[in-house]
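Next comes just one chain, in C-alpha cells: the form predicted alone.
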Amino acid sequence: MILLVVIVPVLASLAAMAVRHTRARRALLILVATAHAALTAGAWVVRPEPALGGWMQLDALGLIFLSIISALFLAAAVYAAAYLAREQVGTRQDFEESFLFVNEPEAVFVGCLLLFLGTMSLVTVSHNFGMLWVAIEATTLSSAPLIYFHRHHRSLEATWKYLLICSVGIALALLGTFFLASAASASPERGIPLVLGELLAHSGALDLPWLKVAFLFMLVGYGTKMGLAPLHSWLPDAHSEAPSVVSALLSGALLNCAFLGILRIGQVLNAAGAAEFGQGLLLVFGVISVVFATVFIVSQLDFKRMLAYSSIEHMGIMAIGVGVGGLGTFGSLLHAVNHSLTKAMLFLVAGNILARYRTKSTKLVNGVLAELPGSGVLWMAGLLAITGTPPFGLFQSELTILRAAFGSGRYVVAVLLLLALVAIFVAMAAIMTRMLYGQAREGSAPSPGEAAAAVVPPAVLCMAVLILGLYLPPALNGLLREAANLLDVRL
C-alpha cells in the first residue's frame, strides 16, 4: 500500500497526458483522487508495512500530512474538473492588461496535477533523508507547470521566481543533507545510514556540531519552500498567478511538505539532545514570519496575495508552536490540519469570486453576498475561520500554542503573536467584509447561479474546520499525540 500512494498517481499522470478525451481525463483525475483517499483511509485502519528496506515508512507524522494532502486533493479534483470545463478554449483576453494569451494544454495540466499528488505523497513516506530531498525537489518540478497554466508574462515571471528561489533553498537543504552525512560518518560508529530510524537509534553517536549545521541548512533550505520570512518572496507571486485550485494545493499541501522536512531533521536533533538549538531557531523564524505577514496583510489590495501572506503568517505560527515545544508541538500539528483545510477552502472561493468579477483588486469587488450567495457565505465563514475566531478549529490550535508559550515563560513571543493576530483580524475583516457587503456593481448581470462543483468542495472543507473546532475525534487526537511524541514531546 505504501508504494501505491505514490505509484498510482504517477502512472495516472502519464495516462492523463495520453488520453485525448477531455471528459475521460477529468474523470480519471477524480477517480485517482478518490482511490488515493481510500488508500489513505486504509492506512488509518492498518498501518502499512515499511518498504524498500525502511526507506519508505508511514509513521504518525507522515500519516497526518498524507491525510491532509489526500483530502485536499480530492476536493481540488472535483473543483478542477468543473473549473476546466468553464475555461475558454483557444485564445482569450487577460482581464488585467487586455492582451491575448492561450492556456496550457489541459492534458499537461491534469497530468502535472496527478504527478504533484504523487511527489507530495512520496515526501510523507520518505524516511531516508536523500529520498526526502529528491521528493521535495520533485514537488517543485511537478508544480511549476501548474503555476504557468495561464501562459502570459505574469505567470511566467511567477514560475521563474518560484523555480529560482526554491532551487536555491533546495540546494541549501542538499548541503544540509551532506552535513548530516558528515555528522553520521564523523562519529565513532561510522557508516550510519541516513535513514531516520537508524539515526534516531544511534543519535548519541552523531557528531553534534555537524548535526547542528545540518539542521540550520535544512531549516533555511526547506524553510524557503515552506514560506518562512524572509525567504518567502516566491510565495505571493506564485499563489496570486496560479489558478485558484493550484493555489489551494500550494498553500494547503505543499507548504506542509517542506514543514515535514524540517520536522524530520528536528526529530534527529531532539534525539541527540540539542532540542533547544532547533527550537530557538524555529522561534526566531516563526516570529519574523508572523510580523512580516502582518505588515503586508494590513496594506494588501489583492485578495489572492492577501491569502498568500496569510499562509506565511500561519507557517510562522506552526514554527512558533514547535519552537515552544511541549503542548505547543501538539498545537502546531493541529494547526497544520486546520490551516490546510481553511486556506484551501478560501482559495477555492477566491477562484469563484475571480471568475465572476474578473479582478483580484479588493477595491473593485463589492456585493459578493448579493452576486454569489453561496461563495459569499463561505467567504464570511472563511474570514472567521482563518482569523482564529471561535468556534472554528484554528481558534483551538492558536489557543493551544499561546497557552504553551505563556506556560513555558516565553512571554515576549506570546505577546507578539497575540498582537499580530489581533492586527490581522482587524485588517482581514475590513477587507473581506467590504467585499461582501459593499454596493453591487452598477449594471452587473444577475448571477446565473453557482455550479455545485464550485461550492460543494469548499463547503465540505469549511464544515470540517467547524467540526474540528467543536469536537476533536479521538482517532485524530490520538494520531496528533503520537506524532508529537515522535518529536520527543511527552503529552
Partner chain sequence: MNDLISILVVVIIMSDFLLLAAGSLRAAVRIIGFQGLALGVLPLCAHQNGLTLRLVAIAILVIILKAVVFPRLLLRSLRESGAPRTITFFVGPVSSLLLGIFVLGSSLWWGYLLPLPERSPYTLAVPMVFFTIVTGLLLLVSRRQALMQVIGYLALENGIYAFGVFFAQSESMLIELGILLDVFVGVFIMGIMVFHISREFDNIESSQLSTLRDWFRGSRRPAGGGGTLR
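In this text, all values refer to a predicted model and were calculated from it rather than measured experimentally. Residue numbers count along the first chain shown, from 1.
The form predicted together with its partner chain is left out here; the points below concern that form.
Heavy atoms within 4.5 Å of its partner chain in the predicted complex are found in exactly one of 415-423, 127-135, 333-341, 81-89, that being 127-135. Taken together, the three residues 300, 359 and 364 all come within 4.5 Å of its partner chain in the predicted complex, as judged by their closest heavy atom. Of the heavy atoms in residue 411, none are within 4.5 Å of its partner chain in the predicted complex. Proximity of residue 185 to its partner chain in the predicted complex: non-hydrogen atoms within 4.5 Å are present.
Interface membership of residue 154, defined by any non-hydrogen atom within 4.5 Å of its partner chain in the predicted complex, is confirmed. Remark: residue 241 counts among the residues lining its partner chain in the predicted complex, judged by a heavy atom distance of 4.5 Å or less. Taking a 4.5 Å heavy atom cutoff to its partner chain in the predicted complex, the contact residue among 353, 194, 369, 216 is 194. This chain is drawn without its partner chain; in the predicted complex, the residue among 284, 175, 107, 208 with a heavy atom within 4.5 Å of it is 175.
Residues of 302-317 placing a heavy atom within 4.5 Å of its partner chain in the predicted complex, in sequence order: 302, 305, 309.
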